[in-house]
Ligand code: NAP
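Consider the single chain below, provided in structure tokens and representing the form predicted on its own.
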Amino acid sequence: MTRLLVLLGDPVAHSLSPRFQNAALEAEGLDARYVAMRVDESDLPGLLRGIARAGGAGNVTLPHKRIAARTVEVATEAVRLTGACNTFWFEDGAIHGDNTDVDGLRGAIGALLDRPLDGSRSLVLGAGGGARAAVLALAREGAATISIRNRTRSRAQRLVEEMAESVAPTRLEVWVPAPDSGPVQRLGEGPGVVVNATSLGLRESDPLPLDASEMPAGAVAMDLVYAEGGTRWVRRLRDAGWTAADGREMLLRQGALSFERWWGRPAPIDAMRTALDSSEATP
């Protein structure tokens, strides 16, 4: 019987995950199919449980990762620490969940940087499930301080309060504009990573998550959103001389880790990368 693998989220039409996951299934000769399914928040728990208990598995993307974390029955440490789940499967009579975004982002950061993050000051834009994975990834890579900047300050504060203990000795703080500097507050000097963990960039018309003039000296930018030719934010930063990458490398790495959770075998990463490199994002 063909095994169903799914991507659950809203939106999902732009996703490249089906392209490289199906290439992986073909390369390994596995009888399965990976499809993207748009799902509303209220339907997510029931659909996830039904697919898993029928022998399927899958990924969860924006904006449902925190709901997925509350739905799975056996959670990994990454899910418990972030409160977000992006990968699920059925094993030993229970629905298991993991957050492969954490190690996927760590690998993407390592591919982008030529130096360790030890002692750095980094910035995470957003306060949802992707932001929580970014915080844990940056902390595990050695960031000394991580600032959280979010449109709704109370959500940023909640993230700090819920994750501060689990990422110690890394210090978490809410980004607060200086009263005499208008809307812009520079992070200060020193290397680090600026991660866009918001959904800004899914549409070309979206505002930039952070202006190039706000980038801290020595930092690099990692956009968890991806688009053909790079997101507008990535293109703008590169034009201004910054090192920046969109979310394709993280997407690939977290997808390979998800494959390993579902099948208990190494992912055919070369076949997955070839499929991703040859694909085009849907506008």
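It should be emphasised that the depicted structure is a prediction, and the values quoted were computed from it without experimental measurement. A residue's number is simply how far along the shown sequence it sits, counting from 1.
Omitted here: the form predicted in complex with the named molecule. The next part is about that form.
- For the three residues 115, 192 and 210, a heavy atom within 4.5 Å of the named molecule turns up in the predicted complex in no case.
- For the named molecule in the predicted complex, the listed stretch (87-95, 163-171, 196-204, 71-79) containing residues with heavy atoms inside 4.5 Å is 196-204.
- Residue contact with the named molecule in the predicted complex: residue 120 places no heavy atom within 4.5 Å of it.
- A residue is said to contact a partner when one of its heavy atoms sits within 4.5 Å of a partner heavy atom; residue 59 fails this definition for the named molecule in the predicted complex, lying far away.
- Put simply, residue 140 is far from the named molecule in the predicted complex: not one heavy atom of it is within 4.5 Å.
- In the predicted complex, no heavy atom of residue 221 sits within 4.5 Å of the named molecule.
- Of the residues given (36, 51, 234, 251), 251 alone sits with a heavy atom within 4.5 Å of the named molecule in the predicted complex.
- With contact defined as any non-hydrogen atom lying within 4.5 angstroms of the named molecule in the predicted complex, the contacting residues in 119-144 are 126, 127, 128, 129, 130, 131, given in sequence order.
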